[in-house]
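Encoded as C-alpha cells, the following chain is the form predicted on its own, with no partner shown.
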C-alpha cells in the first residue's frame, strides 16, 4: 500500500489558481492529482473531435504546471476509482462540481461508493458564479426569462466569491501505472488540427493572457463592437472557460476591477451580463435535463422539418452561396470557434431558411467547436430555433445579407474566410449572386465554379417558414 493521499480529480477545472477543490486537497495532505477521460459514461455526449484536441493541449499545460505529476486514465471513472483505492491509501477525494446530467448521475454513484468505504468527498463550485439551485424565483421554481433571472436573481443574490489563491506548499504523488497524455489518444490520426491550434494558446497561462488582452484592447469597445465579427471586441474566452483553464470568478472580478475612467461602466456591465447568459444556460440544463434533445416548447415537436443531406453538407462546409454563412462555417472549421453574432445567423439559416432540425446544428457544433459546452450549445440552438426558454421567436428570421451589411460593412470578416471574393466591389460582396455579370467577370468570379450559387432563396424560404409556423401556432 502506498503512502496516504488525497485525490484531486481534475475535470472541467484544468487550472491551479482559483481551484477550490485543488486547494482543499493541497491543505489536507499529499495530493494525487488525476484526470480521467471518461467517454463511457458520457455516451452520446462524449467529447467531439475539436474538444479532444483542446483537451490534449490543456492537459499537457496542466501537467507541466504540476511538474509532470498529473496521472491520467481513460475509461469508466467509477471502475478507475475502485482500482486506485485498491492500490493507494486514499483518505479523501476532492473535486469541483459538474452540472451535465450524465456527470451528476456518475458523480452521485461514485460519491456513494466512496462513502461506503468511509472515504469522504469534498466538492466545490469552481465553474459557475452561482449554483443553479440558488437562483430561483420566490416560489422555488426556475426562471424562464433571462432579464429577471439576472437582475432579480443573480444580482440580488450574494455577489460572486473572490478567487482563491493556490498554495505553494502542495506535495504530490504520481501513479506510475497511469497513462501518458499521448496514450489517451485525443489527437486525430490525420492531423487536421495542426493549423487550428495555431490560433490559440491552450492552458491556464494562455487563458490569463487572453483575458488581459481583452481587458486592455477589447473591453473598451464591447457594447456595439461585440456584434462586429471583423473587430477584436469579444473576449474569445469561451474555450478556456469550458475547460476551466480560467474561472468565471476570475473573469468577473478582473472586469469589475478595470478603471471606469478608462472603460465605461456600460461596457463592464454588458460583458458581465454575458457571463450571466452562460449561467442562465446552466440553470436551464439543471432544471431541464433533456434540454440537449427535447424541445422545451412542445409545439415544435410537430414541426415538419426538411431532410436534405446535400444542403446540410453545403452548410457544414461553408458552401451555401451566402457569404456571411459561409465565412462563419469556415471560421468554425479553420479555428474551432465562431463569433457569437455569426452563430446566431448561421443557426437561423439552418433551422428557418433550410428548415433543418436544430439537432443537426447542435451535433455539428458539438464536434467542431473548441468551446462545445452541453449547456451553452443546447440552450443556444433552442434559442435560435424558438423552441427554448426565453428564446428568439421563430418568426424572427435573420437575413444574412442584411446582417453582414450591418455588422461587417467593409466585409473584413467575410474576406478573411472567403478571399475568392476579394476583387468584388464591397457593395456586392454580401450577395455576389445579385452582382451584374460584368462585375463578376471583372472580379474573375464565375458563380457555380469559383463560388457557389445560393442553395436556397432567402425571401422564398423565409415566407415558407413563416407559413408553416403560423399553421402550427394557430
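Please read these numbers as outputs of a predicted model, since none were measured by experiment. Positions refer to the first chain, counted from 1.
Note that the form predicted together with a small molecule isn't included here; everything after this is about it.
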query	finding
Whether 135, 150 and 295 all lie within 4.5 angstroms of the small molecule in the predicted complex by heavy atom	no
Partner proximity in the predicted complex: residue 125 to the small molecule, non-hydrogen atom cutoff 4.5 Å	no
Heavy atom of residue 277 within 4.5 Å of the small molecule in the predicted complex	yes
The small molecule contact in the predicted complex: residue 130, any heavy atom under 4.5 Å	no
The small molecule contact at residue 360 in the predicted complex, heavy atom, 4.5 Å	no
Among the candidates 350, 329, 322, 384, the residue which, in the predicted complex, approaches the small molecule to within 4.5 Å (heavy atoms)	384
One residue of 142, 380, 230, 318 in contact with the small molecule, assessed in the predicted complex (non-hydrogen atom, 4.5 angstroms)	380
Region of this chain that lies against the small molecule in the predicted complex, out of 257-265, 80-88, 361-369, 158-166 [heavy atom, 4.5 Å]	361-369
